[in-house]
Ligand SMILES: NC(=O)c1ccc[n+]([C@@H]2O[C@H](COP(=O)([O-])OP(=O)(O)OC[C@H]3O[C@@H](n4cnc5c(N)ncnc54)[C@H](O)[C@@H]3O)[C@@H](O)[C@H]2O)c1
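Shown below, as structure tokens, is a lone chain in the form predicted on its own; questions about how it binds or moves come after it.
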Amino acid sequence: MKFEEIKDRAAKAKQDGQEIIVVLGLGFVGTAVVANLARTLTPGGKRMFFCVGLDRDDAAGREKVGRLDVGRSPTYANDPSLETVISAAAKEPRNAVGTTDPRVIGLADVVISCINLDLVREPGQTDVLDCPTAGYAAAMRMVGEHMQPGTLVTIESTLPLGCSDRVLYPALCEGQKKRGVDVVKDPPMLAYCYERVMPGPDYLDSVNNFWRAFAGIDQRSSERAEAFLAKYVNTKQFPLWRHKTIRAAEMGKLLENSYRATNIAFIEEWAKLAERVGVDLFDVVRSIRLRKGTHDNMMLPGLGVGGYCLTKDALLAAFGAQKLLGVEAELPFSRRAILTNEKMPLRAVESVEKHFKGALRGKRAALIGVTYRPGVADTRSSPSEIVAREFVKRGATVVAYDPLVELWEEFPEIPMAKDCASALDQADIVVVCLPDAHYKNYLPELVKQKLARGAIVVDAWSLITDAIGKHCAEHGIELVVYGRGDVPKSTPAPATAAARG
């Protein structure tokens, strides 16, 4: 939408008592924030906010703001309520619009930044790190140049330690100075209110029905941020947590994701031990999880770690501490966890190579599940991608199936089967990458029907063994299950039986 029209609509919204919110970045988080705020009502049943989604003026950004303008979600999520909410917001009073014009920042009462900040590193090491904070600083200078004094700026992105006070706040001040504002007398307000958006069918509700934590650069910023969050977060059920400092809030986001990543890496070494000593680790972990409050978040074995957060956040803490704050950040457990998790998907490839004595050229591999977690249509940093690329590198033909994915954006060369059965047709190799509820009940029977002697199934989630483990052993199908040392052993296949024309 053009600036002049947005300006007129914003003026009318202000007259109706609405706050003007500008959301920077219409990606996975920004889309949820816009939709949630657009549907927020006052106690009297009126719209509380007029929301403007601002994205970059490039092909991808223009497409996102165009979709928002016509009442469609800028980013896909498998939450049916998302499209409904955005569609409603596009109608009268039309309180969610999109633009690439940064002048809308000057209309805002609150600016919410949901810009991605990536960590750059070569796989296999955690010492040489880079994080392009200069781009984020440029965005904050732009915000400062356009925003009115008294505007609150909140950051929802995951940041390196020290980024808020050492990089973003100085840039915001520079922008305000360029605008002619005396930042000593009237300092800009900045708060870090990190997102905890949960992917999946409750994606949209997780914005306001989840525990939120925050902190401001100063007392005034903290109080303003708390008042803003309280307008749309369900604080009766999910009380806000106000950190002591903005740097503590940054650490909170990084620590909670690093904790989960380390938990996953920890269970990997026990999975290997269970396989060696003949124990079912799934049975063991589920029994331990009965200890509520202390052990009920213990992880189960799996293919590996994916998604945007767990693969990098500990290293953002290390990068920020070392590069922005000038202090050591050894973090040996957290760094080792990232390397351990990075190698987990390769175990599947190693098992298959061992089975076929290294001869994978011409073999057909079926990957079941390609998103980074079940029930979530997000393929970023998926462990399945690591497996697929290694198979292709070794000359295997790869086909994949996922009920939520029609085109694998990170690996579009891999054909996506229309259903699980067609993915398994003529397969020499099956890797169960995810325990998706969509196929977990019927997958074992399909394996039984489709696979021939000499094939191999790598099951990272223990979906197959109990149902057809004995069948696989009796029919010469090797079954490898992460964390299961009690899998029935198959009869060795004749030397030529596994080969296909």
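Residue indices: 1-based, along the sequence shown. No experiment lies behind these values; they were computed from the predicted model shown.
This protein has a second form, the form predicted in complex with the named molecule, left out of what is shown; the following refers to that one.
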- Does the named molecule come within 4.5 Å of any heavy atom of R56 in the predicted bound form? yes
- Message: Quick check on L240: any heavy atom within 4.5 Å of the named molecule in the predicted bound form?
- Response: no
- Item | in the predicted bound form, G66 touching the named molecule (heavy atom, 4.5 Å) | no
- Does any heavy atom of L463 come within 4.5 Å of a heavy atom of the named molecule in the predicted bound form? no
- Message: Within 4.5 Å, heavy atoms only, which of Y232, Y76, Y259, Y308 is in contact with the named molecule in the predicted bound form?
- Response: Y308
- Task: Report the residue, out of R335, R179, R121, R380, that has at least one non-hydrogen atom within 4.5 angstroms of the named molecule in the predicted bound form.
- Result: R380
- Task: Heavy atoms, 4.5 Å, the named molecule in the predicted bound form: which of 449 to 457, 28 to 36, 463 to 471, 430 to 438 makes the cut? Say which one.
- Result: 28 to 36
- Establish, in the predicted bound form, whether S164, L190 and A248 all lie within 4.5 Å of the named molecule, using non-hydrogen atoms for the distance. no
- Message: Where, within 152 to 166, is there a heavy atom within 4.5 Å of the named molecule in the predicted bound form? Residue list please.
- Response: E156, S157, T158
